[in-house]
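First, one chain by itself in structure tokens, the form predicted alone.
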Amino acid sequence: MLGGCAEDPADPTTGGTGIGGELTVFAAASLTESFTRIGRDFEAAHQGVKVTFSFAGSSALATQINQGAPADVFASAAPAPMATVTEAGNGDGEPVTFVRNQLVIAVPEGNPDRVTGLSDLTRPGAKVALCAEQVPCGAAARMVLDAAGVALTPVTLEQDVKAALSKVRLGEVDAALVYRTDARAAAADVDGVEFPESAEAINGYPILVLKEARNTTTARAFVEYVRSDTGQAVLTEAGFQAP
């Protein structure tokens, strides 16, 4: 049993708040570390709550939601995937932006190739990974490359930012364009090189309770927790910017 029990305000396990039961959150891959921690904190703050996450590229998650995948909350890495969900009538209310994020150049720890900017990625023989343009990190990469006037041919196009970052960590490429937060989370293996053109494509992350949520009360409480000072502190520590 999911929503019915959790939303009963008389249920003593919810402390009369109606917050309890299981919660399924679909979230952008770049939120993996932060939301995992926030989920643990949310569970600790609300006895009986169990939060389960599905992390992947935002576009893939939006497609799954529109195809009927069971979920209570969706957190996207950009407005476009969220729009496909709301335009399909699968949102409950309006999405709200809760953080922003921008790209860095991820290189192996110590930056052995001395990469300092986007133009260095076009050196002969340089192997670079990008996200596919259909996902937010890929769309942002295309925008910054265009803004810089840099013609770059990647050796691989990945379906989410963690996959692009993995190529660097495994030594399969020399660099990748990833979010600042992902580079920071992998600081033991990679360095994140800042570059000014990244300011041309700062992604806003929207979050939304879904229309078919099975646990609406807890879903709304989770969204508010993410937006609270406590949730925002976790996200800021990870490198996200204020909404």
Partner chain sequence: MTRAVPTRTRRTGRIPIALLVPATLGMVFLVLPLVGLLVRTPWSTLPQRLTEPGVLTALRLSVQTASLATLLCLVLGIPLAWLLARVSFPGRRVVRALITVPLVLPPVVGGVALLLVFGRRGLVGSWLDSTFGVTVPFTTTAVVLAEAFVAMPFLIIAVEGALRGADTRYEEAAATLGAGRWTTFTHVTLPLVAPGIAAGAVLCWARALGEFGATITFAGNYPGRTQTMPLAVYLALETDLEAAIVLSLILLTVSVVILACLRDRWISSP
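Residue numbers count along the first chain shown, from 1. Since we're looking at a predicted model, the values are computed, not measured.
One more form of this protein, predicted in complex with its partner chain, exists but is not displayed; see below.
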| query | finding |
| --- | --- |
| Close approach of T217 to its partner chain in the predicted bound form, 4.5 Å, heavy atom | no |
| K162: touches its partner chain in the predicted bound form, heavy atom cutoff 4.5 angstroms | no |
| Its partner chain contact in the predicted bound form: S59, any heavy atom under 4.5 Å | yes |
| Contact test in the predicted bound form: D92 vs its partner chain, heavy atoms, 4.5 Å | no |
| Non-hydrogen atom within 4.5 angstroms of its partner chain in the predicted bound form for each of K127, Q134 and R169 | yes |
| Heavy atom within 4.5 Å of its partner chain in the predicted bound form - residue from V96, A83, L157, A147 | L157 |
| Segment that reaches its partner chain in the predicted bound form - one of 173 to 181, 191 to 199, 208 to 216, 40 to 48, heavy atoms within 4.5 Å | 173 to 181 |
